[in-house]
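Shown below, as structure tokens, is a lone chain in the form predicted alone; questions about how it binds or moves come after it.
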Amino acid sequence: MATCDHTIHGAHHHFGWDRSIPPVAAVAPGDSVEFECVDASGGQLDAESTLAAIAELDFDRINPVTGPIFIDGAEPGDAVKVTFENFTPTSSGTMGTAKGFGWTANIPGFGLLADQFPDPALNIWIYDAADFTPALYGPGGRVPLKPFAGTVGLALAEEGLHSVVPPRRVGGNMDIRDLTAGTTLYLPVEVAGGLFSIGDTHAAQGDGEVCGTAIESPMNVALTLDLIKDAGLKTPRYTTPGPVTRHLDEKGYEVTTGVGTDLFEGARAAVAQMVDLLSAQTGMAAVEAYMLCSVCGDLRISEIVDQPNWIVSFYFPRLVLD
């Protein structure tokens, strides 16, 4: 992509959604913008971090988003059209500019299987920032990369500060791994100007982000902001430019299932069984298998009509370990 019309530096970030936060810039519909996105730790973790850093995390600094941006003419009832152009990793510590950095952690009390994994764990990733070749996982395997932004959203109509942790009807921390280059996202506007912000950039993630973190990686995101008047959109929607799992499909999948009356418990069962399977097959510690599942495995609802039992499947791509 050519030089963007605007650049929003990473210093212009905030925590949580609040319609009263002053916009750092105003853009016209159709303008391109490059955002410098801080990683989900708020810069507390870098390429030299050790396990001890997990216990020292300040959770008031978690998941910053760059912005907000005022879009000229945006009014409640409209939709902001976001076209993702490209993702450029930024270096960390003593790394060269050709290297990208990321981290994946098991944070006590967080994640789908938090009750089963109470102790902290951390994996630091170093990858090729130019062509996103598969990244080596310390305990074993190589993970195909597909960069995207986990948190993309607008301000809520309700006054006050709203946590950035849960996803919302105006977007936010959706962690949809297909919001990558070429995808177009539509967000419903609830306040004048929309007040767009973005952050939580990832080098890769599985559908579900089951341990609570992906390959959390600071990046610059180039995108185009446009406006659809009177869209009547109630929640986010998006369009992908083509296949979404081609980077994982080549050698098939190992799949485990959860069966029962509760989709959440079914998801837990499917993931727990995959952790057991990977640990048995590879010899890696269970928490290492759990983190690996988070960055490249996909939760799917396979069946939800044959009551009273539903089936949730967990797909793990075989090429990661081949």
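A residue's number is simply how far along the shown sequence it sits, counting from 1. Quick caveat, the model's predicted, so the values are computed rather than measured.
The form predicted in complex with another copy of the chain is left out here; the points below concern that form.
Asker: 45, 49 and 101 - do all three of these have some heavy atom no more than 4.5 Å from another copy of the chain in the predicted complex?
Answerer: Not one of the three qualifies.
Asker: Decide whether residue 285 counts as a contact residue for another copy of the chain in the predicted complex under a heavy atom distance cut-off of 4.5 Å.
Answerer: Result no; residue 285 lies far from another copy of the chain in the predicted complex.
Asker: Quick check on residue 279: any heavy atom within 4.5 Å of another copy of the chain in the predicted complex?
Answerer: Flag for residue 279 set to no.
Asker: So in the predicted complex, is another copy of the chain close enough to residue 300 to count as touching (4.5 Å, heavy atoms)?
Answerer: Yes, contact at 4.5 Å.
Asker: So in the predicted complex, does residue 254 come within 4.5 Å of another copy of the chain, heavy atom to heavy atom?
Answerer: Output for residue 254 is yes: heavy atoms within 4.5 Å of another copy of the chain.
Asker: By the heavy atom within 4.5 Å rule, which residue out of 221, 107, 135, 112 makes contact with another copy of the chain in the predicted complex?
Answerer: Result of the distance check: 112.
Asker: Which residue among 119, 131, 250, 159 has a heavy atom within 4.5 angstroms of another copy of the chain in the predicted complex?
Answerer: By the 4.5 Å criterion, the partner-contacting residue is 250.
Asker: Name the stretch, out of 122 to 130, 189 to 197, 234 to 242, 75 to 83, where some heavy atom lies within 4.5 Å of another copy of the chain in the predicted complex.
Answerer: Going by heavy atoms within 4.5 Å, the stretch is 234 to 242.
Asker: So which residues in 300 to 314, when you check another copy of the chain in the predicted complex, have a heavy atom no farther than 4.5 Å from it?
Answerer: 300, 301, 302, 303, 304, 305, 306, 307, 308, 309, 310, 311, 312, 313 sit within 4.5 Å of the partner.
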